[in-house]
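Next up is one chain by itself, shown in structure tokens, the form predicted alone.
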């Protein structure tokens, strides 16, 4: 198997023209598209319909090429989107393709590893299970399934796990109550936080970062010493199950791409950005050159404002601002910091990092081609 990665632009949240052009020109085949991770210019909240608009447009376009219904693709192609392109962040989407190769071309035992992609979908999650142990364990099981699909046996070879989890709208909460069930919280925004937290701890269990015995519903949004430094969790009304994308390196895959990650201790941890670039032999002195930048196929960042209201002993006001949501603050701040090193605003920066790295911290993951390889970033 070979992984192909394309970072493509969008003129608006329903614009799939760049991917459509790649398929029509024969660069890739529609059936090779296995997952999409992207940034839309929505607000990132419960009512951010740009995510659903993009997903609907993607499935509609692919179904035309594959002669199938859009609904049939919804349970086979994860489309995980984060709303909010504040500051210098640019709306874009990263398309992951899997190309089968002849057995004669398979990588020999002992060969270098290459980017591997694994996918899984949990069962439909009832509203009363969102943000609770049932969700934690479903995510853990789905991550293990995705690792198996990616031919990644060692959890240490996993560098980034993107999960999209359901949210509970008022209507879904009422439906659950009509069945005699209660939900984790009445505020949809609070539910989003619980859902992200449950997803993160599920990843941590699957990767061996936490023992399942140490995880309970009581620690959700409470004990932030428990976390995964490779999980990136989003929550939205556009899904009713947990969609999982596991990215790592495996000898079972061929191709020029590899992925690396680094944990970020806080929102000012620019050293982690330089470290992950160094892991992929991408020198930034102090910024990537235009030629080196061409090797970068995807950049993924997760963080959120420190709940203690401090960054390195200095007070921040992100949590007290009633004009601008705290998540929009952190996306703009991290986007600017990382983009200044890359020299590029095409970065997936997602807030809502409950149990995803230490409080106020997060992670950065980068996919890059080998030296001399130029990924088709923003190809048309």
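Because the structure is a prediction, the values reported are computed rather than measured. Residue numbers count along the first chain shown, from 1.
Below, we refer to the form predicted together with a further copy of the same chain, which is not included among the displayed structures.
Residues 21, 153 and 195 are none of them found to lie within 4.5 Å of a further copy of the same chain in the predicted complex, as judged by heavy atom distances.
Screening 209, 86, 217, 128 for any heavy atom within 4.5 Å of a further copy of the same chain in the predicted complex leaves a single hit, 86.
Among residues of the shown chain, residue 121 is not one whose heavy atoms approach a further copy of the same chain to within 4.5 Å in the predicted complex. The closest non-hydrogen atom of residue 307 lies within 4.5 Å of a further copy of the same chain in the predicted complex. Proximity of residue 13 to a further copy of the same chain in the predicted complex falls within the 4.5 Å heavy atom cutoff. Contact annotation for residue 285: at least one heavy atom lies within 4.5 Å of a further copy of the same chain in the predicted complex. Looking at 135-143, 244-252, 271-279, 198-206, the stretch with residues near a further copy of the same chain in the predicted complex, meaning non-hydrogen atoms within 4.5 angstroms, turns out to be 271-279. Taking a 4.5 Å heavy atom cutoff to a further copy of the same chain in the predicted complex, the contacting residues in 333-347 are 333, 336, 337, 339, 340, 341, 343, 344, 345, 346.
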